[in-house]
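Just so you know, structure 1 and structure 2 below are the same protein chain in two forms, each on its own as structure tokens.
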Structure 1
Amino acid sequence: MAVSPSPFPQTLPAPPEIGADPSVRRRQRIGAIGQAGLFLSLVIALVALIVLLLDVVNKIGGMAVYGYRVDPLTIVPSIPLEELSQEELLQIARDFIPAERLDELPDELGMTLEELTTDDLIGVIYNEVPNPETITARPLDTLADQELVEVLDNNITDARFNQLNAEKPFESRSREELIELIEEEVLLESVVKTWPLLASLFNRQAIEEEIQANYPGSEYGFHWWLTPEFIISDLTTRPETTGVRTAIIGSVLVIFFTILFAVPVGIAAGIYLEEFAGKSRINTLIQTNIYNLSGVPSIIYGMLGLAIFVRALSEFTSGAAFGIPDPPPNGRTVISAALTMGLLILPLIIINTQEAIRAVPQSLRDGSLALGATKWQTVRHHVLPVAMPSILTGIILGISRAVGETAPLIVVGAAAFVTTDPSGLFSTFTVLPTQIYTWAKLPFDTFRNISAAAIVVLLVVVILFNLTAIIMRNRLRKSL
């Protein structure tokens, strides 16, 4: 029986060589270029971040030269020249009158200094030596305790003197405490010159030589701006003694009340729009506006908060409507800032909540509804727990943005100088970003140093907020 030939070829054609197709090669090149661009972007971002961190760290410490704003010799009692002997007056004249003047004086006076009477010699010293009282001034550590108290009384206001005495009576203070008070309240010890941290670590010898040449006799040493005292101290006008405690408390209060307002409202709005709103023109318009609001500049939210919370609702945001004693004269309070920041991050939370709910498998909903659960029961007990870790991710991003915002809070009324800690919703306040901005724009190196220290504190606060949210998110994921 003859076998009919097979209609199929006995051997298969060789597969085309990989990459032989010009369109494939073109796509491969485009993909390689895109991958290289993404990698380059990552490298640039990492380099920029490292440079930024190094610049901040480079300013939180370094070599510094110390000095006093007030000359210590001008505030202490001195020995009158009239009480000095002839030999002591002659020695002062030889030490403090320039040599060329010493050579000219005998011709002008018609006699040598040794031949002058005591009164004439005193007159010469007063004429030739600037501020002769400082020559015989007694050092602080040689004064008696009562004399130290008199120095304080003569050089500070009566109100400040009484305040210090009320805090701790001067009679019970030690000698070292009295001298320290004089240095802090009268002499105002300050940092005259600073050097960056890296230069101080690796080029200290050259810095010390520069100090000896330009600041002879001055005290110097290594100075850290980021210290525990900087964190727990209140705000002052001097960078050497100021702190960020008030700004930290203000930031924590604003963010806490922002979370209380924005998170429940944002999650509830996202659930409604995704699960219950349905398809309609109104809902589509609302959804479009939410997406648009997420890209609005933050300063616009600040203007909105100023118009509504600070001005229109000032009776409520100042606390006057609730009988708060001594309310602020306007609505520039913690509650106004919290509501403004809540509006700022609300679109981000809503959109992220919708995306998280949309990622939950439809089969989970169908199974719950098939077993007789209502729509709300399905969302409450099945959809929301599964979506909550992703929702928390959006909350983390929103909080991080709110912590670092400056522009809306400046518009709403975050003060640049607040010396009292905020105690509640209706307190005036300042926050870390505002304080950093205020210090960074001042034309003194020492204020830039403390602004760098405050940046590190702000980074730590942001990390702590994020770390708390990340721990909560991970626990929720493990419980599912």
Structure 2
Amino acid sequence: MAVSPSPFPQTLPAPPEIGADPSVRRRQRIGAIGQAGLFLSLVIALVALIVLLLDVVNKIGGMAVYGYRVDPLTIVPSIPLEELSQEELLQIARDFIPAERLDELPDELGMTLEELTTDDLIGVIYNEVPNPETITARPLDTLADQELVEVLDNNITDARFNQLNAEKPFESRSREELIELIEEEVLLESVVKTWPLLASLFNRQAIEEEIQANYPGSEYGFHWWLTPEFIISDLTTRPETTGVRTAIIGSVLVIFFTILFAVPVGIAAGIYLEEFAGKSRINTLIQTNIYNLSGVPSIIYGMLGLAIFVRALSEFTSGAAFGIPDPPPNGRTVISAALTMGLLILPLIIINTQEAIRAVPQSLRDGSLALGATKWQTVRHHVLPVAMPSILTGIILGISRAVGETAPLIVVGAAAFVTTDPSGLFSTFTVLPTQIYTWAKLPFDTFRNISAAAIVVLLVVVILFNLTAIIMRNRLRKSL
């Protein structure tokens, strides 16, 4: 633009340069810092997620030192000292009595070891050597098959012995199998010390040096806690051999019956509230009530289940009323858990179904009603098919919640140590989250390892469910 000569050129201020105002620049700087701060918050939230997952994964495997809970030498037959010759006894005394004691002994006894009678020599050995019977113990691998079976018989209960024999007769087992069996059943081969997965992968050298320094002679190696056997094994009291099959079957059964109860009822209630309910007082009450129920802590549902399903209705929930043979003493059964869990996820499913139905365009209903379809025909043929994917998303989220929910089931259900797979509505049971809780409570590393392994199993299921639901919902949003 051409500048026309001004009559008062001196009084015109210079036009401000954009961005030159120091206050603006300062504000922009604050803005940038603020933005970084906001972003940082998001990063913190995401880092928390990563750390949490790493913490779990870090415990599902790693370097481990093995040992026996029971000293092998204490269970094998040994040769009685009385049967040994004086020479052999003297050899034992020289080998097993510490050198300084050997020097002191002649003064204490008033004579040299060689001068003692065999009986006195045996007495000295018993006094001076800890666990003297193990000295002459015969190592497992020197024993005959029959002797191995005897070792087993002497150290486990008759019931267990018979059970093992029934699984596979001892006569038909090989030597190696028998030794393995003894290690498993009697010696309780166990992990005495573990290291985290990441350290084991990236710092194996240092760990091995540490093991050799602190656990000389011990067997060690890389130990996975999350193994196929872990998933299919029975529950036992030992972290090395226990498994989550019973808990997985329990979870699947409870969830199955939860779905059977909550999904139809939830969808039906959602349909009722969106399509059929007028504005009567009872319907407003139902609606408000559902919102409130969705905020009730899950443990309260557990208490409801405990008082109503487990206690008040125990006749039914234990199956006694239906003539189930040998019913459990109270209603801590699959059906009580499923009903409790069903009530818990019901509000979730109802609210979601309502939202899905609300999103169906009114024109579709009009089109159907105008043809003389009844309300239900309209809902059944036009509204539900359109709303279904979105309803399903809500159901998946509800199921995922039920899979991971722990507190109500602790209150309602699996209190005891359950080793038999639940088989139906009236079985006592345990579920995966309860099992995780029980193990995580114990302050031993190895129990935390199996707890982590079980968490991975649980998380895989839950994350798969959630991912499916989130992806489905995002697809739906795009298509609408």
Partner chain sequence: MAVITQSSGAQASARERISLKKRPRPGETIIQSLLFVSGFISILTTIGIVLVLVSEALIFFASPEVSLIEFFTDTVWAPEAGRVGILPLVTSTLITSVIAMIIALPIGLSAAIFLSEYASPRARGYLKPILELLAGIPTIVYGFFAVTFMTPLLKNIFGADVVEFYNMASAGLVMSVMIVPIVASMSEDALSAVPRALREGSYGLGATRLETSLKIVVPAAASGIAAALIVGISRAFGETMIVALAAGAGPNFTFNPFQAAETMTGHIARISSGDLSFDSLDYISIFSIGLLLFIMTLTLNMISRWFVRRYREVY
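In this text the structure is predicted, and so the values were computed from the model without any measurement. The term rigid core refers to the most C-alpha atoms you can superpose between the two forms while keeping them within 1.5 Å. By convention here, residues take numbers in order along the sequence of structure 1, the first being 1.
The form predicted together with its partner chain corresponds to structure 2, not structure 1. After superposition on the rigid core, displacement of the C-alpha of residue 404 between the two structures stays below 2 Å. Once the rigid core is used as the reference frame, the Cα position of residue 28 differs between the two structures by 2 Å or more. Once the rigid core is overlaid between the two structures, residue 94 counts among the residues whose Cα shifts by 2 Å or more. On the core-superposed pair, the CA position of residue 44 changes by 3.2 Å between the two structures. Core superposition places the C-alpha of residue 471 10.4 Å apart between the two structures.
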